[in-house]
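Take a look at this single chain in structure tokens; it is the form predicted alone.
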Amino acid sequence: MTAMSIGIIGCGNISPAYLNYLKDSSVVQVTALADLLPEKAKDRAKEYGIERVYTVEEMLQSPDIDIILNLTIPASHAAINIAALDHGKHVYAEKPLSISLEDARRTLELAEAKQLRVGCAPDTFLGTGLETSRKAIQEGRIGRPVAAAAFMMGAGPEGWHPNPDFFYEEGGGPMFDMGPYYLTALVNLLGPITRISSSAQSLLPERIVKSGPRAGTRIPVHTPTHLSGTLDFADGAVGTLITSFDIPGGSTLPRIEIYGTEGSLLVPDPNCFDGEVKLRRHDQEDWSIVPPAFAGRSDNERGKGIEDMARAILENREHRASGKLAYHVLEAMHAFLASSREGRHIHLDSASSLQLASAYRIADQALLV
């Protein structure tokens, strides 16, 4: 299989995770780096032995790059995605696909017109933790899923990130930062979301940077920092999701639990690729550990999504961490904001176009075939 060439735009905090995983890939090869701050790209290239360092425009113009891996900040995702497609390159972006739904739609429409691929993080649902959970549901081990609960409860990133400003701008907050992991996992397990109702708030008007050279700096908050909502899934299950940057004391609530007619499933942290999966059926007194569906490489496998996309291009099949899935998750995140703002249920238009059934229905369909 011929390896596809990747050019990375954005050499910030997340880039080492991708570079560490992709350096061993036989499907893709990172051949060039670019960043708005050239020194950052040069330092990263030296660290990982990558010969070519480009400006962003040089990267887009290069005939030797097949896929752009967009690791810029969320506010730049749409512009880089669209520019990559305009230059005839496939693109895979960090989450979210864009900040606005309009830019996300434009991205997908352009990709379809040019017959190019769009992929998007998170790809943690391809790891052994969430795939083991999916397999357990497929096998009917908890019966038909009827409900789910998911919680991302903690303090804000100002406690550890040296420049946390963008977390509190439009397109930030706990929903746009961590929501993609939880929503992608839930959709992968339970199928598309049809309707959302929620409440969102921001009680603190500013945050204080607590680490790095800017420690003590006050930053304004322009987005909700605590969101709580109810999700209706196409197959009938009802979910609860809370994301919050307002819990400095921590929480003991589970990451994700799926409840079925025959038992319950404890799903590991969707921000990780591995993790222990536990199951308890109605006739059991204790939780049991579900054997992993396969042996994962490590907790850090960021890059599985773009690797799968490259392999799918070469094999002429659909890839799993797709632009359509990312758009559905983006619409869900916007629905959390709109429902609270407008005081009503928000129906998701993308539910009908997303060709993804719940894991339970996948099993049903396999049996019918």
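All values derive from a computational prediction rather than experimental measurement. We number the residues from 1 along the sequence you see.
Keep in mind that the form predicted in complex with a small molecule is not shown, yet the notes after this line are about it.
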| property | result |
| --- | --- |
| Sole residue of 168, 151, 233, 181 within 4.5 Å of the small molecule in the model of the complex, by heavy atom | 181 |
| Contact residue in the model of the complex, chosen from 80, 99, 277, 142 - any heavy atom within 4.5 Å of the small molecule | 80 |
| 4.5 Å heavy atom contact, residue 160 and the small molecule in the model of the complex | yes |
| Interface membership of residue 331, the small molecule in the model of the complex, 4.5 Å heavy atom rule | no |
| Distance check, residue 13 to the small molecule in the model of the complex, heavy atom within 4.5 Å | yes |
| is_contact(residue 123, the small molecule) in the model of the complex, heavy atom dist at most 4.5 Å | no |
| Residue stretch of 310 to 318, 66 to 74, 335 to 343, 24 to 32 approaching the small molecule in the model of the complex, non-hydrogen atom distance within 4.5 Å | 66 to 74 |
| The small molecule in the model of the complex: contacted by all of 37, 40 and 95, heavy atom 4.5 Å | yes |
